[in-house]
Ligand code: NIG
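This document opens with one chain alone, in structure tokens, the form predicted alone.
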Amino acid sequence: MQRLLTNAGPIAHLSGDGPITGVIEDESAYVSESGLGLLIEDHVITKIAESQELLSEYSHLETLDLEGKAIVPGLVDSHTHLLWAGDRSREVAWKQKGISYLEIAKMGGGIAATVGPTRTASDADLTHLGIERMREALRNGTTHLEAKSGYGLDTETELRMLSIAEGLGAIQRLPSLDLTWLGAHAAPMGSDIDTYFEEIMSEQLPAVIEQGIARSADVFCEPGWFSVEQSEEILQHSRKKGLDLRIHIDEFVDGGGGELAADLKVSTADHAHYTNDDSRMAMSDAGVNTGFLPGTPYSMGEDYPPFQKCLENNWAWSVATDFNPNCRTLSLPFIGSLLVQRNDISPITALVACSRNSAETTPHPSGLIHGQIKEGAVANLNIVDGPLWESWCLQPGHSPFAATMLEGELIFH
């Protein structure tokens, strides 16, 4: 299949190698002027040139005139809890009464409250939920997302969740998936962390490795959940068995997760809300990405993490939705709005955080570059519904995109 996109408005291509760090002083290094076109062959961008040049050389091809609409990369949601059943909406009233997340968990809320409905949901029910959520993500410009297990908390359900997610990743016209095992999410009801940790090490993790579906392992390393020592043992064993490493750290307090992330050189340390500066520096020196999840403090009524400090110190960071029962958004444009309109982050930096930088920790299954628009990259991109690329993050109530190209196929919204 070959097709042309012509007469594009500005293209925020973000092309280059590695993550972008620090304050972007010159946007022109990452944004092309209007008038360019793209040649798409199969699922790859093979040529970017002036529209008239492409039209003269490939006049026989199917052509879409963009009439000056801007283009941004396909967005990459690098942290989601895609599959779960149930409803925890009642917890918002508890939070408003000043009850902490840990106290809510002890009251029977929190992660464990989602586990029961998820365990009893049928494969068909979970598949349907996954498809509907992935469609919503795509409507908001996400072309690839990371999806964690973690609401089974027993070997059977964790394996089942990964198997269902693998099936979702094979469905056409949906975002591609990067799968993560997060069995070390919390202790199941009727158990405690120490007992469940032993079950993970002796039974669940070996079964996950034998199943061979998850690309990565993740642990919720937080006081009251998995300790630094337990997290290290789980992650070290996972790495020995060939899994990439991710970690949840310091969401509620500085619990030492940053030091562990740096020591293990994990791919990404997420939440990282209260990580101390020395640990952030050590993480940066170790090549660890900080995965901020601003939708979570938004939904919990808390302050935002220190984005500006990361810019000032040239630390690599990304953002993701953290879609979960308490943060029910799959809109990266909304997350971008939180950065730009509530935290004084520039639109270009916010875009980098959920495209090029997030793609660094969440590779495309083809092995090709994604999260940026360049020759040789996967043909994942978003056509903005207007001439200014900045509007991608300035319409938080609805999708800012007229269409999304998903691996070379145009999907109109």
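Note that residue numbering begins at 1 and tracks the sequence as displayed. None of these values were measured; they are calculated from a predicted model.
In what follows, reference is made to the form predicted in complex with this ligand, a form of this protein that is not presented.
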Handout entry: All of 43, 144 and 370 with a heavy atom within 4.5 Å of this ligand in the predicted complex
Key = no
Exercise for the section: Please run the contact check for residue 185 against this ligand in the predicted complex: heavy atoms, 4.5 angstroms, yes or no? Expected result: yes
Problem - Heavy atom of residue 226 within 4.5 Å of this ligand in the predicted complex - result: no
Practice task
Answer yes if any heavy atom of residue 271 is within 4.5 Å of a heavy atom of this ligand in the predicted complex; otherwise answer no.
Solution key: yes
Problem - Contact flag, residue 130 vs this ligand in the predicted complex, heavy atom cut 4.5 Å - result: no
Exercise for the section: Have a look at 220, 315, 197, 307 for me and say which one sits with a heavy atom within 4.5 Å of this ligand in the predicted complex. Expected result: 220
Handout entry: Answer option from 158, 77, 178, 251, heavy atom within 4.5 Å of this ligand in the predicted complex
Key = 251
Problem - Stretch from 189-197, 332-340, 166-174, 80-88 whose residues place a heavy atom within 4.5 Å of this ligand in the predicted complex - result: 80-88
Problem - Heavy atom within 4.5 Å of this ligand in the predicted complex - qualifying residues of 99-138 - result: 101, 111
